[in-house]
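As structure tokens, one chain now follows by itself in the form predicted alone.
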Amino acid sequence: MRYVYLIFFLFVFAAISILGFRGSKTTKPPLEVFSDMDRMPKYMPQGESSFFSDGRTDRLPVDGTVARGTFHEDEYLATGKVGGDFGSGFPLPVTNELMERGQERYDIYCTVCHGAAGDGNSMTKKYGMLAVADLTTQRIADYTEGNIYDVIANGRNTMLPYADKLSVEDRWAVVLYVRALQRAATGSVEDLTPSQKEELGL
């Protein structure tokens, strides 16, 4: 029987020697039988790799990659294009709510450069940025809705893309508001209906 106690004592002594007392602190790595893949080999950001020919661990997304939650089956809605060409018209219902949303987004992201009226008379122009497009010119008024959408999403010339700031729906809302600014800049009394003229006392 004393051999049993002796073996038990030796086992406890060995366990304490290896594992330490419960609650005690140590800088030694833990003794693991199964690591459960806690410490898998991995590449660190901007690290080096001999696996890839360029020696970099960071990889660019595969061509055609679409971020989760951003895929739209409607090509025109998502890109402003139909079969590779810029399309015309709005893929969303034109409502007062969409117009108000477009005005709100325009005021936040566009007014600083294009001005509240879309004519380019803005804060940035006052500080020397002269290459700002006047959205009310006939040249831009002749753009199709899909073309304007593409400029908002992907940028053009000195204008940066806003695809990361405006959702697909918000881009179309801004297109709608830009059309309203263009119409306001070129409108005349003759565009009013008789009842509207009467209401304004014209």
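Note that residue numbering follows the sequence shown and begins at 1. Quick caveat, the model's predicted, so the values are computed rather than measured.
The same protein also exists as the form predicted together with a small molecule; that form is not shown, yet it is the one meant from here on.
Residues placing heavy atoms within 4.5 Å of the small molecule in the predicted bound form fall in a single listed stretch, namely 138 to 146, out of 32 to 40, 138 to 146, 45 to 53, 63 to 71. Leu98 falls outside the set of residues with a heavy atom inside 4.5 Å of the small molecule in the predicted bound form. Heavy atoms of Lys28 never reach within 4.5 Å of the small molecule in the predicted bound form, leaving it off the interface. Residue contact check for Met123: none of its heavy atoms lie within 4.5 Å of the small molecule in the predicted bound form. Using a 4.5 Å cutoff between non-hydrogen atoms, Phe86 does not count as a contact of the small molecule in the predicted bound form. Of the candidates Ala78, Leu92, Val82, Val132, Val132 is the one whose heavy atoms come within 4.5 Å of the small molecule in the predicted bound form; the others do not.
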